[in-house]
Structure formats: structure tokens, C-alpha cells
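Next up: a single chain in C-alpha cells, the form predicted on its own.
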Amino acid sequence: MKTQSTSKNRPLIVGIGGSTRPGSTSERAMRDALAIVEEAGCDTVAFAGPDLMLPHFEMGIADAHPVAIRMIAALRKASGIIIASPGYHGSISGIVKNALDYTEEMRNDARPYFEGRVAGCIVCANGAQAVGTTLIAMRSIVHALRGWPTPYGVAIQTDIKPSGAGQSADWMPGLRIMAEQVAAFALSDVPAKLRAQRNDDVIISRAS
């Protein structure tokens, strides 16, 4: 896990993704996207590769695992998330889904799950059908977690040979669109307004 130093005025974007293989395509794409949001004025933290090799989620288990503790703490502070996954049989990988399941520990927060947070989605898969179904699945999960998926989702078709400077260069235009959308949302006053609205709702609920 690589953590950037955070400042009071810079929103935090959390990256979750990759595979058990170091330097996987999905991890590299996620880190490229995080670099773009840093350029735009955000701080970042990444949970990738070995960080995602967590036990199968069940309630209460997070407290026993340092990575899970750090990831949940980061998500609670975050204004946005970037999720990257390979496509496995029509959906996201098991380790990425399991990591996202740990957000159930946030269910009773004043701002539960991904509420009030923007989410950028990156999918890497072999074949057009695979990237399409996996991206739909990922966006559906973000919706279920009450997050705001960016209008642009990044679908990287790994069976197409890169041209020119290589695959990383080929995916950068799409990553930049998505990452700049994440940064624009996080840097706006929308997250603060959503947090205030949620806090007001909690206060009203408790008083009623």
C-alpha cells in the first residue's frame, strides 16, 4: 500500500483494485488514475495486490486485520474512490468484491458505505463482452453502496494489442476523463453539502 501525505484542504481519493499478480494491468491503470487526481489537487491512498488478500468478509472480522482497519479508516475520510478490477467470468474479481464487502462495517456511520462519495470504475478484461458486463456489475455495486459513479467508466480490452507507445499510453485518455471527473466532484462543495444533509437527517431521525 502506498499512502500519500494528506493535507487538511485536499480531498482524499482511495484506490481499491488490482489482482494478486504484482503490477497487473488493473493495478497499473488504477495507479495511473490516482496520479491524475493527485495532479488535480487530491491526496490518494492505494490498496492493491497483496493488500486485497483479506479473509472472506464477515461482520466483526475487520478489527483483527490491519489492512482492513486502514482501508475502512481511509474510506471514512474519503471524498472519492477509484475501483479497478479484472473481469472474471462476467463480473469483478472475488478479491475486489470481498474488499468492497468490508464496507459493511460502515453501515451504521452517519455517512454509510459510499454515500456522498464519487466512484470511478476501471475494468480490464479479455473481450468486448467481458469488459461490458464487468463494468455494469461494478457500477451496480457502487449504486448498491450509495456511491455516485462517474459518467465515464474505463473499459480496457486487454486482448487488443496496443499501438505506438504501448498499452499504458492507449488507456490514458479514458483514464484522464474519468479521473478528472472524480477530482472535480471531490474538489467541489457537493461532498460537504451531502455530508451536512446526512448529518441533518441523522439529527432529525434521532429527535423524532
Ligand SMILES: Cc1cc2nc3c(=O)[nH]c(=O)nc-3n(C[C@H](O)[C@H](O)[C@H](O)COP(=O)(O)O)c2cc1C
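Computed from a predicted structure; not experimentally measured. Heads up: residue numbers just count along the shown sequence, starting at 1.
The same protein also has a form predicted in complex with the named molecule, omitted here; what follows describes it.
Q: Mark residue 21 yes when one of its heavy atoms lies within 4.5 Å of a heavy atom of the named molecule in the model of the complex, and no otherwise.
A: Output for residue 21 is yes: heavy atoms within 4.5 Å of the named molecule.
Q: Taking 4.5 angstroms as the cut-off for heavy atoms, does residue 181 touch the named molecule in the model of the complex?
A: Residue-level check for residue 181: no, no contact with the named molecule.
Q: Is there a heavy atom of residue 113 lying 4.5 Å or less from a heavy atom of the named molecule in the model of the complex?
A: So residue 113 does not count as contacting the named molecule.
Q: Using a 4.5 angstroms cut-off on non-hydrogen atoms, would residue 99 count as touching the named molecule in the model of the complex?
A: Outside the cut-off, so no.
Q: Based on heavy atom distances of at most 4.5 Å to the named molecule in the model of the complex, which listed stretch, 37-45, 50-58, 23-31, 65-73, is the contact stretch?
A: The contacting stretch is 23-31.
Q: So which bits of 111-134 sit within 4.5 Å of the named molecule in the model of the complex, heavy atoms only?
A: Contacts from 111-134: 124, 125, 126, 127, 130.
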